[in-house]
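The data below hold one chain only, encoded as structure tokens and taken in the form predicted alone.
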């Protein structure tokens, strides 16, 4: 069953339509991967699904309750929804003046539910889960790109989201770090978290996805299993995109 569902989402900027009637379902304990060409609207889709940006039209349902447009509960319901959705974008946005552990623990303190000591303990716990516990006292500039990616995932997961959105998190990483990120995602999914992942890395998509969504010109052009979308699709646009990407490898 879908924990997060979008129906006919639309979004435009400066007169340009970026999303066009996008509908998809994100099930718990599974990885839904969104692929597509640059400018297809993939990042905008993540931002709208997390209500970081407001859709122009359409409907978003979380655990069978409507969160957009929110007809009951207003801003309180939407704020609670945002706490249930973790976000890690390509540029990570780790605070450069804070240590890795402080980056993970500070959002817990800002949420108001934990003391400084409790937040630090949970931060250390999550650094262990993503296998960078020895880097807690370092600053983001002192660790590698793959380590920063894992720190950003730890920061998002420390807030115990039910949906984790990841945008191009393997960009510019070497194969070893890509493999480590895949292992982290598998552990997150094993906890029952729904993962919604945007990537241009077809091999990574094959390795982690339960479902694939192909976004093109702001619309869903194809969706289904890895086999159906990546291997046996009859959709010419999808086939051309996959062949072009895989030829670059």
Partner chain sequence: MDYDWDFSTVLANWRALASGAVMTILISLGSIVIGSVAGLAVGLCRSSSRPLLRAAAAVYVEVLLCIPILVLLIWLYYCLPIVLGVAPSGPATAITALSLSLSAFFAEAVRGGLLSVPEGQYDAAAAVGLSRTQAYLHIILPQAFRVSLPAILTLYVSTIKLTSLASVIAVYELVHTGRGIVASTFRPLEVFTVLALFYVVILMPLMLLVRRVESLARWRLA
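The shown structure was predicted, so the numbers you read here are calculated from the model rather than taken from an experiment. Residue numbers count along the first chain shown, from 1.
The same protein also exists as the form predicted in complex with the partner chain; that form is not shown, yet it is the one meant from here on.
*Asks:* Quick one: which of 46 to 54, 23 to 31, 213 to 221, 190 to 198 gets within 4.5 Å of the partner chain in the model of the complex, going by heavy atoms?
*Replies:* Single hit among the candidates: 46 to 54.
*Asks:* Taking the partner chain in the model of the complex, would 183, 239 and 244 all count as contacting it (heavy atom within 4.5 Å)?
*Replies:* No: none of 183, 239 and 244 comes within 4.5 Å of the partner chain in the model of the complex.
*Asks:* Using 4.5 Å between non-hydrogen atoms, is residue 150 touching the partner chain in the model of the complex?
*Replies:* No, no contact at 4.5 Å.
*Asks:* Contact with the partner chain in the model of the complex for residue 173, defined as at least one heavy atom pair within 4.5 Å: yes or no?
*Replies:* Although the partner chain is absent here, residue 173 would stay clear of it in the model of the complex, with no heavy atoms inside 4.5 Å.
*Asks:* Heavy atoms within 4.5 Å of the partner chain in the model of the complex: does residue 83 have any?
*Replies:* Yes, residue 83 is a contact residue.
*Asks:* Consider residue 115 of the chain shown here, and say whether it contacts the partner chain in the model of the complex, taking contact as heavy atoms within 4.5 Å.
*Replies:* Result no; residue 115 lies far from the partner chain in the model of the complex.
*Asks:* Which residue among 160, 142, 125, 168 has a heavy atom within 4.5 angstroms of the partner chain in the model of the complex?
*Replies:* Among 160, 142, 125, 168, a heavy atom within 4.5 Å of the partner chain in the model of the complex occurs only for 142.
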